[in-house]
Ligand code: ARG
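Form predicted on its own, single chain, as structure tokens, below.
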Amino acid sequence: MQDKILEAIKKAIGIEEVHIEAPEIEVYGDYSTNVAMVLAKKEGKNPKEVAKELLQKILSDKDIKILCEKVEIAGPGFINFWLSYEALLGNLKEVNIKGEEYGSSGLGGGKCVVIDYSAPNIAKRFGIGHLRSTVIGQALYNLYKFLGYKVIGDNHIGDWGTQFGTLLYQIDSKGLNPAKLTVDELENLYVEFNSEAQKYEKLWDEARGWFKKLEEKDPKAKEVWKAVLNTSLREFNRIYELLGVKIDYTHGESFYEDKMMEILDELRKKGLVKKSEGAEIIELAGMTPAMLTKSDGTTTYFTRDLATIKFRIGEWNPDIVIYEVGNDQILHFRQVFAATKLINWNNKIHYEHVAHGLIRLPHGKMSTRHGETVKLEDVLNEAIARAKNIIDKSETPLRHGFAGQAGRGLSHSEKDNVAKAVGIGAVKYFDLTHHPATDIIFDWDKIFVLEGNSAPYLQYTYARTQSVLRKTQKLKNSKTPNLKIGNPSTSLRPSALRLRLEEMVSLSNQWKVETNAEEILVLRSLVRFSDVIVSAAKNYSPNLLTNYLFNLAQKYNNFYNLHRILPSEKEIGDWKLEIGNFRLALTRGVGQVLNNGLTILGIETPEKM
């Protein structure tokens, strides 16, 4: 709807440079523009006077008259727009017809986005700390794909570097068989080494020596490395399957081993490499130099990230590269992006570091090195168990939750599936409700939010809409043949649908009912879905989508609790079909938008709960 309003405003005032947005506070309208204030500043005029001049042009435009029921000036010169009933119904029709495509667009225009996310280190448990990058990255992937971008997900796992030398030393010195070690045992070896190295610092020389052997392709070092890598990848894939996450490519740091010399040679030829105490560095304006090779000749994480960028440019020619990596890497990525610009590798690419906050323990940062982590699998299994317990005790209601009706009429296998969807959905949603930059203090109770602004609340609201539609089908088959499930006919294909203004007027006549305040609030909320999708992608903030979905669900449940959607057996004869069909269309539209939004967030939507 935003594009229709924007086009109409541009046409009415004859200005192309117009920006509109949806105000956070609903009393300020559905859309607002500051164009009068911008023009006033350029022309040295009073913004309210300019706003009055523009308002006259806007109010005389025939398209605006159809799209808006009210246009007013507010504050220092904002112009606010309230959508008309015809426009709101037109949007509802689009929701019902487009279905899973509603909210999607061709905004990406074929542009390519590479998203680097998850990126666990091998030989370590998949901890709760990995959750943020994984679920935020997957949500960003889904958002950009929904907007028509070609999206590449790349899992840049840590399988190289001195930290791996610690394991090689441990496995060799203890005479262990690497193929028989579990990930838990490998992590314990890593923790043990770091504990010992605090007492005997020379152990780090052993680790560095083993990593040097690995870079020099020592057969024994390579054999141990490969066994540990295979064990780790099996573990990662098991956790990804549990989370419902699938990433397009997995390229470990080792993948770039044979590409780093080319990078170093290029930088040397361009005169960008300097010697510093036996190491090679690259100097960057306004920040500390970055190390390319250490004094012993081994490469660094920084060098491997440069090789990664060069590979991605050659392989996918991206327009945007997004790194969903923790905020403890802010300086590193500033250095990487600055070096890329200095080297002059396709400077048209936009690089973005979405620096997520960390999941911390109450006393501080989690640390694998010190053995202070929480296994993600333990968290997910606990969440599933808690959801199952609520389903089994469905007589105990949850305020704003899904219990009370949960589990009724479900088979044992259906209960298990719902418990998994609800439990895992709760954990993922809890993370996604936070702005990516926010730190989260780990709390076993808070991470399993099953009420209020939570995945279970949204999942239950979706299941409620589907229950209404199933009941509708039964009524339609028996006593109300004219009752429709809210899918107005159209001669246009869903993907090509763009209602003309005159069609909106026609639809208003078709659904001519006295709409109550609760229904209007739901209609106005549905309109904002497409705008929120764009905003969440552009701001790299899936939490904008979670907030929107919760707001929509609240409005629908308030409507549901106050107004009857379906007639009782006694009321069928006197039931007004126009009201029934409108409310069914509204219910179907809300269910569709909840499903689309939760799917983008990577959260399942059970049909029954």
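So that there is no doubt, residue numbering starts at 1 and follows the sequence shown. Note that the structure is predicted; figures quoted are calculated from it, not measured.
Keep in mind that the form predicted together with this ligand is missing from the display, and what follows is about it.
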*Could you tell me if residue 323 has a non-hydrogen atom within 4.5 Å of this ligand in the model of the complex?*
yes
*With the partner left out of view, is residue 121 within 4.5 angstroms of this ligand in the model of the complex by any non-hydrogen atom?*
yes
*Wondering, does residue 156 line up within 4.5 Å of this ligand in the model of the complex on heavy atoms?*
yes
*Does residue 464 reach this ligand in the model of the complex if we count a contact as any heavy atom within 4.5 Å?*
no
*this ligand in the model of the complex: contacted by all of 116, 130 and 333, heavy atom 4.5 Å*: yes
_Heavy atoms within 4.5 Å of this ligand in the model of the complex: which stretch in 385-393, 411-419, 298-306, 269-277 meets that?_
298-306
*Selected contact from 329, 515, 194, 170, since only one has a non-hydrogen atom within 4.5 angstroms of this ligand in the model of the complex*: 329
*From first to last in sequence, which residues of 206-228 have any non-hydrogen atom within 4.5 angstroms of this ligand in the model of the complex?*
none
